[in-house]
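The data below hold one chain only, encoded as structure tokens and taken in the form predicted on its own.
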Amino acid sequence: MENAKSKTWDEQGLNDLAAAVRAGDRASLARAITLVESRRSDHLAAAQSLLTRLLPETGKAHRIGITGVPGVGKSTFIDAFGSNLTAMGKKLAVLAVDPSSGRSGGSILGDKTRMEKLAVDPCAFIRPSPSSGVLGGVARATRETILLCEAAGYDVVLVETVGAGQSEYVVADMVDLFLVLMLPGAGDMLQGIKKGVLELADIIAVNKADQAPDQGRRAARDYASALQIMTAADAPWKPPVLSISGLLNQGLDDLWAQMQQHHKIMIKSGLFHERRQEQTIKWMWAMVEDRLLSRFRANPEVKAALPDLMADVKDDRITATLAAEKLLAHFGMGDFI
């Protein structure tokens, strides 16, 4: 098979690839994802042309984001929960957002072998994030991969984040529902997860509740109390706190029922469509920033001036702000100083 990373795409090739993706061909879907992950300028144009062809087939999947602290059991949970969905006749795609994947190989790259059921399930498609090490680039590829999976007929798209840094916020801006997995009895109430991440949660699930039932119940009460403070009184959806066990497949049916209820309420209130529209606009501006930064870093004058300016900043000969202004001037944005 021709390598999508090195291939030059013409109109007929893109038409054929789009048709194969619509038909649900997994190998073609993988090739399309490789295309949207590429940073080659001609591939960027080809990828957008492909996505434009496929846009009428997108938007129909239930997009679900998942985060949790290390050790919370995300891969075990996803394997059990995803297998339940495919048993219902759903087609499932599992994606990852991991800006550190350039060093670690990515969340799912390491965990995929532990998703024993989904790894061999013909109704499941598992894809790690690209190893670019840049959150903006990873987010772009993941967003566009969601569209490709929807065009290929996947009903549910799970987007996993490693649970660190800004990746939770990025994922929350590309999904319909954000699930936060928690552990029972793991120290302080927020377990090192920022308050802001809890504010993103549409559902909190205390995983491994079977291992410490009393602690699980106490944790669920604590999280529910915290959410009451954070949730507006007139909000159409009140985030519930559930106790589950991915290992024993307990509580996962109730979790799916809550996800479906959230979906119905958001559509009825008009917030579902509004949320997706806002996400699309945010995506547009994020891509503007991503493209500007890429062109800025690649500018020959900026690259030539950068080493000396960095040295001056490190040795306190110039302020960081002045150095930034000088770099922008080299980029052609005018003399601000």
Ligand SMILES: Nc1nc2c(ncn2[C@@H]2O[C@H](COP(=O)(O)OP(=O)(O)O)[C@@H](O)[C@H]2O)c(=O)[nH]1
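Owing to the predicted nature of the structure, the values given are computational and were not obtained by experimental measurement. Note that residue numbering begins at 1 and tracks the sequence as displayed.
FYI, the form predicted together with this ligand isn't displayed, but the following is about it.
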Discussion item. For the interface check, one of 85 to 93, 120 to 128, 246 to 254, 142 to 150 should have non-hydrogen atoms within 4.5 Å of this ligand in the predicted bound form; which one?
Written reply: 246 to 254
Worksheet entry | is_contact(Leu177, this ligand) in the predicted bound form, heavy atom dist at most 4.5 Å | no
Worksheet item: If you check in the predicted bound form, is Asp210 within 4.5 Å of this ligand, heavy atoms only?
Response: yes
Discussion item. Quick check on Pro236: any heavy atom within 4.5 Å of this ligand in the predicted bound form?
Written reply: no
Discussion item. If we define contact as a non-hydrogen atom of the residue within 4.5 angstroms of the partner, is Arg114 a contact of this ligand in the predicted bound form?
Written reply: yes
Practice prompt. Quick one: from Ala201, Ala219, Val159, Val72, grab the residue that has a heavy atom within 4.5 Å of this ligand in the predicted bound form.
Written response: Val72
